[in-house]
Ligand code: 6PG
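Listed next as structure tokens is one chain, alone, in the form predicted alone.
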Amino acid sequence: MPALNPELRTVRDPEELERAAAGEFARLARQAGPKRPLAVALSGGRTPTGMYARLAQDPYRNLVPWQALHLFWGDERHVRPDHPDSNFRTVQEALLSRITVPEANVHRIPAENPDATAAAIDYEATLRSFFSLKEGQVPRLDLLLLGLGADGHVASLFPGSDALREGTRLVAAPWVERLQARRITLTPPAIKNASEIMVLVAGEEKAGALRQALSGAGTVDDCPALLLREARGRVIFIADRAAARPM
């Protein structure tokens, strides 16, 4: 059933947000086991990076069954994995270099491919293989971690993007005009089918986008985060006071 009313959890500041997000991640991850690996899609961005750093420290690192996790990415910049802008590199430095996850369980987007569309096709094939999907089926990620842009974008689905209307492909490589670059991103069908979506929001500049995402006002073209109101699982926004301030 669609999550028509996403949850909002307000915390004091970015540090408390990182702790709250790490705790939620650990809670969900503990449901995993040898016979039930957990599929998690990670995000780039400053706020998720703080959460990754906390997950690599006690007590969280000892609460998460890292061997049972399969890690995916919700989106990626069209750069090599060692590039400073790479979302994979962000996670690698903040988390993966400090804990032990089997190499085979880390499913990064092959964004070093000069052809971003080909990279998207390859990553969709990775998802279809891992989840044993038949034609027309959509993966069921256990957890999708997202940030929220001040313009309302989630993953690399920006306002006005053609990818917002994608109904068949699981991964796309839309051109982002204001960045003058392509991004590789999960599409709405893959995002909306996740069992749990956790959106981390920090800073006063995100307040307007958060209000719109929660209120349902406007269109997905104006505020892509509105697509989360059509999600089939739980959606929780964790925001600091600056982002969650009333109008």
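Counting begins at 1, following the sequence as shown. Given the structure is predicted, the values throughout are model-derived calculations rather than measurements.
Another form, the form predicted together with 6-phosphogluconic acid (6PG), is not on view; read the next lines as being about it.
- For the three residues R19, G23 and R54, a heavy atom within 4.5 Å of 6-phosphogluconic acid (6PG) turns up in the model of the complex in no case.
- Residues of just one listed stretch (37-45, 209-217, 189-197, 62-70) have heavy atoms within 4.5 Å of 6-phosphogluconic acid (6PG) in the model of the complex: 37-45.
- Among residues of the shown chain, L148 is one whose heavy atoms approach 6-phosphogluconic acid (6PG) to within 4.5 Å in the model of the complex.
- Contact annotation: A155 falls within 4.5 Å of 6-phosphogluconic acid (6PG) in the model of the complex, judged by heavy atom distances.
- When 6-phosphogluconic acid (6PG) is considered in the model of the complex, R77 lines it closely, a heavy atom lying within 4.5 Å.
- Counting a residue when any of its non-hydrogen atoms is within 4.5 Å of 6-phosphogluconic acid (6PG) in the model of the complex, the one hit in 161-198 is R183.
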